[in-house]
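In structure tokens, one chain follows: the form predicted on its own.
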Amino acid sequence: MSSPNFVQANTKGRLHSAAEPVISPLDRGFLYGDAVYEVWRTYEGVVFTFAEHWTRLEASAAALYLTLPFDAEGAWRELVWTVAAFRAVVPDVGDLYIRLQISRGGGAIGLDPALADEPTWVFLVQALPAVAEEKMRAGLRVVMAEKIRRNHPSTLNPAWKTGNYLNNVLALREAKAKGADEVLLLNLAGEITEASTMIVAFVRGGEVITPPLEAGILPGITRRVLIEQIAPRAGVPMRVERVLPEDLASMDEAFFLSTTKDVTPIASIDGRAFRLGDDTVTLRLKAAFADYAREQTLAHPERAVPQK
């Protein structure tokens, strides 16, 4: 009998359970976080925004001077093969979470990138983790990190989706210790940036406001889709501007954006409560996002993956 928690792995063309250890302890992704990654999800069996995520992966790899082991279509073939293997073990599951992790590879111990032999890559496929319906209605409780600040773009640039997430891990640990669901990080200038793995946006007077990339945030695919497609379709004005903690008092609503959870309402930040419910701009945008995802599913049958 298959486990609902089963994770299918494909390591350099070898299919196996992700519970099986196969990566060398000399791999630079393990030793130094010298790696990049991307995450996709499916809607009704179709991978959403595959090309956009691949383009961002290429940019992250280029920033690290890391050579990708295949092009987009080569990656697509491995993705489909991995999904088919997952479906063979867990056939009765809905949408999928798909992750591609690429490290610089193994080699002698040492920081010099020239010591790496060849890139190590792994596809991971599992059932898409869902936000519980009651949590979606109640919204997430969020706190500001006090001990950790967002990396400055001139250090480890948050625009690069790398294997080094320790800053975010420690910030989230701080929030969890306070009983919160998620954390918001400030940059060195005291501006709000993003959560541990999600982009943040606010609603004030019916207008959506989200921090600029220059504040030190990941160039989120869902954020871009919201700005370019969803908000205009829903008739919701949207702008990008810096947000300070003191600005929260004037915000009516707040929500997160991410690939796996699309639009997720926020109930409070540091105790400051926001509007929730069916009549909010947040849920209007969530409904518009669902409509757009369905359209994209129909428009891109070439990105369908095995269902059984």
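Fair warning: this is a prediction, and the values are worked out from it, not measured in the lab. In this text, residue numbers run from 1 along the sequence as written.
What follows is about the form predicted in complex with a small molecule, which we do not show.
**Student:** Decide yes or no: are Phe30, Asp34 and Thr67 jointly within 4.5 Å of the small molecule in the model of the complex, with each residue judged by its heavy atoms?
**Tutor:** Judged in the model of the complex, none of Phe30, Asp34 and Thr67 sits within 4.5 Å of the small molecule.
**Student:** Work out which of the listed stretches, 235-243, 57-65, 250-258, 268-276, brings a heavy atom within 4.5 angstroms of the small molecule in the model of the complex.
**Tutor:** Only one stretch passes the 4.5 Å heavy-atom test: 250-258.
**Student:** Pick from Pro119, Gly220, Gly139, Pro211: which has a non-hydrogen atom within 4.5 Å of the small molecule in the model of the complex?
**Tutor:** If I apply the 4.5 Å criterion carefully, the residue I get is Gly220.
**Student:** Among Asn164, Asn157, Gln229, Ser196, which has at least one heavy atom within 4.5 Å of the small molecule in the model of the complex?
**Tutor:** Flagged contact: Ser196.
**Student:** Since only the chain is shown here, I'm wondering whether Leu283 would be in contact with the small molecule in the model of the complex (any heavy atom pair within 4.5 Å).
**Tutor:** No, no contact at 4.5 Å.
**Student:** Would Trp76 show up as a contact with the small molecule in the model of the complex if we use heavy atoms at 4.5 Å?
**Tutor:** Heavy-atom contact with the small molecule at 4.5 Å: absent for Trp76.
**Student:** Taking the shortest heavy atom distance, is Asn168 within 4.5 Å of the small molecule in the model of the complex?
**Tutor:** Asn168 belongs to the contact set for the small molecule.
**Student:** If we define contact as a non-hydrogen atom of the residue within 4.5 angstroms of the partner, is Tyr97 a contact of the small molecule in the model of the complex?
**Tutor:** Heavy-atom contact with the small molecule at 4.5 Å: present for Tyr97.
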